[in-house]
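For reference, the chain that follows is the form predicted on its own, supplied as structure tokens.
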């Protein structure tokens, strides 16, 4: 009987695995659908702003940019300097044996601008602002503030989501540019200490490495990441219904979901642009 039960258990494993995979795929599509619906609602709300509404949204957007971008500059500076220096040391260690030191600056620029900069800035924004947005939206939902806004004739999408969408896109674009600049300068300092490299030679290599595709990559990743992170985190926060014990769960799901979509969207954009 024990052997028979073991065989039945083994036979059910493929079905359970397929069901789990199907639930994960359905969850991803549900998240994408939620982001798309919120994005359309935000665009409609943004286009419908008038007079005093626009001024209120602008003030909330400024506060969001200050928290997401300005307050994150110290952390981004430290991460960029370390990433730029460590990446160059690793590249130098691999290429110096082949006599290809002249290509180090170009490879560093392409690695940082194409992949490392947008990805790491996205992770920083998720860990700081994304979790804060999910917590705030969950708290507003539980306190009844969302329903109160509706009852008072205030559109929650315009007041809550539109500023966070605008602030996310502007902040991501600004932070990516800042991160890339600091990382490249940090890489140059390391290269200057290890190689007979002048600043003019570094800038020449940088100009050769950075072209329209790199600029397009920065723009599209900032646009996608800046929209996905606040909208997805808001979506998970607004799904809280019963008690405050759901808030940590919503924050965790928002962070994990944002990171998963961040990786998938980054890989997809890189393949579309460079593949």
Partner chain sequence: MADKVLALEGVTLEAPDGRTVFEGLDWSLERGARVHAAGGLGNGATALLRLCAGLAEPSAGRVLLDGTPLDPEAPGHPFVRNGNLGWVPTDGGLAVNLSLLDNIALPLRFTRNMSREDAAGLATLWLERAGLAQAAQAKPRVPADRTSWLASLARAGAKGSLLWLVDRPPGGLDSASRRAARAILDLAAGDPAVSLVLVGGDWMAGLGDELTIEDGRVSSGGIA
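Numbering follows the first chain given and starts at 1. All of these numbers come straight from a predicted model, not from anything done at the bench.
Although not depicted, the form predicted in complex with its partner chain is the subject of the following passage.
Flag residue 55 as yes or no: does it have a non-hydrogen atom within 4.5 angstroms of any non-hydrogen atom of its partner chain in the predicted bound form? Although its partner chain is absent here, residue 55 would touch it in the predicted bound form, with heavy atoms inside 4.5 Å.
Are any of the heavy atoms in residue 71 no more than 4.5 Å from a heavy atom of its partner chain in the predicted bound form? Contact check for residue 71: no, nothing within 4.5 Å of its partner chain in the predicted bound form.
Exercise: residue 185 in contact with its partner chain in the predicted bound form, heavy atom 4.5 Å: Contact with its partner chain, no.
Heavy atom of residue 114 within 4.5 Å of its partner chain in the predicted bound form: Output for residue 114 is no: heavy atoms all beyond 4.5 Å of its partner chain.
Complete contact of 103, 194 and 204 with its partner chain in the predicted bound form (any heavy atom, 4.5 Å): The answer is no: none of the three residues contacts the partner (heavy atom, 4.5 Å cut-off).
Quick check for you: of 217-225, 45-53, 243-251, 204-212, which stretch puts a non-hydrogen atom within 4.5 Å of its partner chain in the predicted bound form? That would be 45-53.
Mind listing which residues of 245-259 have a heavy atom within 4.5 Å of its partner chain in the predicted bound form? Contacts from 245-259: none.
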